[in-house]
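Just the one chain here, the form predicted alone, laid out as structure tokens.
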Amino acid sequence: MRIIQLLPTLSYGDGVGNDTLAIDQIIKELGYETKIYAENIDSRIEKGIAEKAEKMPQPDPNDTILYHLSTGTALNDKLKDFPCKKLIIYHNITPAHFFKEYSRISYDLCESGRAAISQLKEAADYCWADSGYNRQELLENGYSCNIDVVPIVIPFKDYETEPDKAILKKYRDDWVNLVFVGRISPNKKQEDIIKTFYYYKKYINPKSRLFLVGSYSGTERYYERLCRYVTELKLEDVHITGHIKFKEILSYYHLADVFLCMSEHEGFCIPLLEAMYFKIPIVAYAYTGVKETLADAGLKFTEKNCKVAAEMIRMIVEKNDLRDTIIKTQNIRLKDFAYEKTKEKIVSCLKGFIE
């Protein structure tokens, strides 16, 4: 019996890629024969870790496929034809309407991906969902198989890497640094982050900066809109990094005084846990998967109001006792995603399915 992981793209350093590689290691530790196959493989992935999907041998009826559902792809149409057990790992797919004005490619991929959610319900023998929010989406799409909530494996040890010293030297001073980490994408509503920063900088603290850390490859039109918006507001000290190295990303976490999230669609939102790890108080719009990932942690609001968010930032920066309380609640929440705890869940669910 083999356990085959199959996915559209194995990227270096993103949530789905890290989850796939961590699961691969766990399966190997259990003694099963396993391999990763992907349509696209990041060149930074170590050779031999994965093979192209086109090279995947025909599965035997005793085999099990772990299929990572996260976008539109031809694999969605092929999955049902494999004569073996199928475990779908649902990472959520952004609703296409967010991309309508900005990227035809992203729109089409998300549109076909969302359509595949319901189309694959008959192919799934069992499902994992990264969150209860994702699980509910599968239920709403007619899935009748067992669905367990299995969080993404977070490689916390990687965050012990030394950050970029040049960035720390440039920005480590008495200014307040607001940070959001995540690709520049219309569902993440970076314009609302900018608007919140505008209120904070103009009316509360002029000695403040905003760092939007993430790639805008594929969403250049949205990035250009954000730049125009910054210009219209006559706003200074907004830094959009684009794609940067991992140690540079870490440096912005080390600099951050507050992590601000205004996203309107997240299946899980790993950067929230990264902020918790670096003991950065979080201010967040509690919507979709963000609400569940935070649980009782962070400072949250359920009606989007940028002025209110700016005032929350003020309170955190000016009141050390509030800041300390928020960090304590985040530390407690972070324990729920400890590697050993998630690994134990994966092992239990996987063995229960295949044995």
Partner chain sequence: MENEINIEQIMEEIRQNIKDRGYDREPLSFEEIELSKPVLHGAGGYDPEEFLHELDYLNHNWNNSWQVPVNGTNPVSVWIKKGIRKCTRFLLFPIVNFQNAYNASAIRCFNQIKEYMAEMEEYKKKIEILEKELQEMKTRS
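Residue numbers count along the first chain shown, from 1. As the structure is a computational prediction, the values presented were derived from the model and not from experiment.
Another form, the form predicted in complex with the partner chain, is not on view; read the next lines as being about it.
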Which single stretch, out of 37-45, 304-312, 56-64, 284-292, brings residue heavy atoms within 4.5 Å of the partner chain in the predicted bound form? 304-312
Heavy atom within 4.5 Å of the partner chain in the predicted bound form: which of 115, 74, 166, 233? 233
Counting any non-hydrogen atom inside 4.5 Å, which residue from 103, 241, 208, 187 sits next to the partner chain in the predicted bound form? 103
Partner proximity in the predicted bound form: residue 237 to the partner chain, non-hydrogen atom cutoff 4.5 Å: no
Would residue 98 count as a contact of the partner chain in the predicted bound form, using a 4.5 angstroms cut-off between non-hydrogen atoms? no
Partner contact for residue 49 in the predicted bound form: the partner chain, 4.5 angstroms, heavy atom: no
Whether residue 221 contacts the partner chain in the predicted bound form should be assessed with a 4.5 Å heavy atom distance threshold; does it? yes
Do all of 91, 133 and 140 end up near the partner chain in the predicted bound form, with near meaning a heavy atom within 4.5 Å? no
Stretch 223-257 - residues with a heavy atom within 4.5 Å of the partner chain in the predicted bound form: 224, 225, 226, 228, 229, 232, 233
